[in-house]
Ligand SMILES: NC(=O)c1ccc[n+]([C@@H]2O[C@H](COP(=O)([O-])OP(=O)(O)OC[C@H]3O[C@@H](n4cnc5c(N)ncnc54)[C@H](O)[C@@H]3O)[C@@H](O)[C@H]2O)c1
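Single chain ahead, written as structure tokens, the form predicted on its own.
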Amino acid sequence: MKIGVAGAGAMGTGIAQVAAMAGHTVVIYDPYETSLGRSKGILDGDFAKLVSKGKLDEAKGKSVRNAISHTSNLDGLKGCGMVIEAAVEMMEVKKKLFADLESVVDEDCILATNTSSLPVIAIAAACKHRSRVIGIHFFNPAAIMPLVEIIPAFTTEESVYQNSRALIDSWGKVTVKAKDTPGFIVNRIARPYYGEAIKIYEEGIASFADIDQAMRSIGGFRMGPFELMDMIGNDINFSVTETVWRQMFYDPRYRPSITQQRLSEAGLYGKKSGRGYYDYSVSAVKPEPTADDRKLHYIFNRILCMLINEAVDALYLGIASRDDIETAMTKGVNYPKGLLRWCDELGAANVLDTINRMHADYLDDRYRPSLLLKKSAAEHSRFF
């Protein structure tokens, strides 16, 4: 099957590499020649590294690299069995692209969007044949991260979902099914990891270094929230937070922070700009944590319970199955364990007690416990 990728940025280029490694002929479309040139350079470098590290022999590396072509002409996507869109996260851009794609691809071609937070059904609305539109959300870098969220819209035909998931599974990815709701699984459930961490900082309870240390040393997370936001990019993270918040009709659970907005406005995006929550200049010295053990445990417990509450609510609302929620958070953002299993370990009653105490202190619906968490606590039930 010929695979098309619409968008020659880092994500689109990574998706193309994954498809080519799985044996497909791939064509990357982008209207901008500069973007196509960068994509070619990235692929040349990546395949050279794979060969030098012995992951591909020279002949295989050359063959797979040659299976990927680039075009600035939309007609180059003719004959594709699937086209995956990886354009900028702007609804009007995506809708126009999908409408244009329909004019060149065959009627049985699956049209997929790699959107991380926009509604799949709204993108599909631009098409005459909405039943063939689906969300296929890779995580960055696509060639390395194992998780892919498969998001059928209300209008997606069941066979399109089944065929899409089977195809991505055959590429060696770990797939999970998500309902077409804001943030899907990962970007919805992970919001408190960033939002609650910033709130703790804004309240003057702890520094960036203290909060990161709490989540690493006590929770076993690979990166603390501020380190992770600086790696992702504060502009991107803020944009996703704001999008989810707006699409959830301004639910306080997903409320963005002024701190992150100010950093984004100032161009302090993190590693890619040289400064974010931390300074990444050559002469910079990273601040050391100073919080005592009691405070570190308080920070960890507060953020973890908010994450668990979000995961439990996602299960209650049918965003995804129990197992897919666990898989998404461990494979998509490398959490040390699934949040529902973590709830079982702590006990739903203990998690609920933490949430209720914060709700009583702040009188803010941000700390609204999930109905399923309340039910689990009352019945002393477990998720596993």
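Numbers for residues come from their place in the sequence shown, where the first is 1. Here the structure is a predicted model, which is why all the values come from computation and not from measurement.
The next section is about a form of this same protein that is not shown, the form predicted together with the named molecule.
Using a 4.5 angstroms heavy atom cutoff to the named molecule in the predicted bound form, all of 32, 89 and 97 count as contacting. When you look in the predicted bound form, the only residue of 301, 155, 140, 207 with a non-hydrogen atom within 4.5 Å of the named molecule is 140.
Among the residues 284, 144, 93, 231, the one placing a heavy atom within 4.5 Å of the named molecule in the predicted bound form is 93. The partner is not drawn, yet in the predicted bound form one stretch among 198 to 206, 304 to 312, 172 to 180, 113 to 121 has residues with heavy atoms inside 4.5 Å of the named molecule: 113 to 121. Proximity of residue 19 to the named molecule in the predicted bound form falls outside the 4.5 Å heavy atom cutoff. For the chain shown alone, residue 3 is not a contact residue for the named molecule in the predicted bound form, no non-hydrogen atom being within 4.5 angstroms. In the predicted bound form, residue 372 stays away from the named molecule, with no heavy atom inside 4.5 Å. Residues of 1 to 29 lying near the named molecule in the predicted bound form, listed in sequence order, are 6, 7, 8, 9, 10, 11, 12, 29, the criterion being any heavy atom within 4.5 Å.
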